[in-house]
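Before any questions on how it binds or moves, here is one chain, the form predicted on its own, in structure tokens.
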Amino acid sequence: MKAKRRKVIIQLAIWTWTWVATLAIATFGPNYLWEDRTILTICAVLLNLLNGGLMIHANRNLFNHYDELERKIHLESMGFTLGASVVFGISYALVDQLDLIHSDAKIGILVFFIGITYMISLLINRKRYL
């Protein structure tokens, strides 16, 4: 069972890193690799979307290997993260629209918030249940 789970984790890691790589290509390619050729940019974005879907599938496969307690821990962490991210994201967009912050709202800040919130809530839930 451990060997199968290890294989699933490695598959998720591979799909995650290839998604990151295709995101970098789609982000920087138009400026540094192919000088604004729209068709190449569209292909890079579509490749990134496909890779993202495969990463989500690999993540689902990992969740299918969790026992009930692990699923409960992750589900509670995801639920909290979703709620906190919606509240934070809407508030962040609002303060940008109202010009209460000096720069434009950046999606990277929301992604960072989601990652940190999930990590902290996962640590809290693991401590609470284990």
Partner chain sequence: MTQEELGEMIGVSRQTINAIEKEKFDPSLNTAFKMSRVFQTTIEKFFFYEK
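Predicted model, so just to flag it, every value in this text is computed and none were measured. Numbering follows the first chain given and starts at 1.
What comes next is about the form predicted in complex with its partner chain, which does not appear here.
4.5 Å heavy atom contact, Val95 and its partner chain in the model of the complex: Result no; Val95 lies far from its partner chain in the model of the complex.
Are any of the heavy atoms in Asp104 no more than 4.5 Å from a heavy atom of its partner chain in the model of the complex? So Asp104 does not count as contacting its partner chain.
In the model of the complex, Glu68 touching its partner chain (heavy atom, 4.5 Å): Judged by the heavy-atom cut-off of 4.5 Å, Glu68 is in contact with its partner chain in the model of the complex.
Wondering, does Lys127 line up within 4.5 Å of its partner chain in the model of the complex on heavy atoms? Yes.
Given that the partner is absent here, state which listed stretch (69 to 77, 86 to 94, 38 to 46, 56 to 64) has heavy atoms within 4.5 Å of its partner chain in the model of the complex. Stretch with heavy atoms near the partner: 69 to 77.
Using a 4.5 Å cut-off on heavy atoms, which residues of 1 to 39 contact its partner chain in the model of the complex? If the 4.5 Å heavy-atom criterion is applied to its partner chain in the model of the complex, 1 to 39 yields Met1, Lys2.
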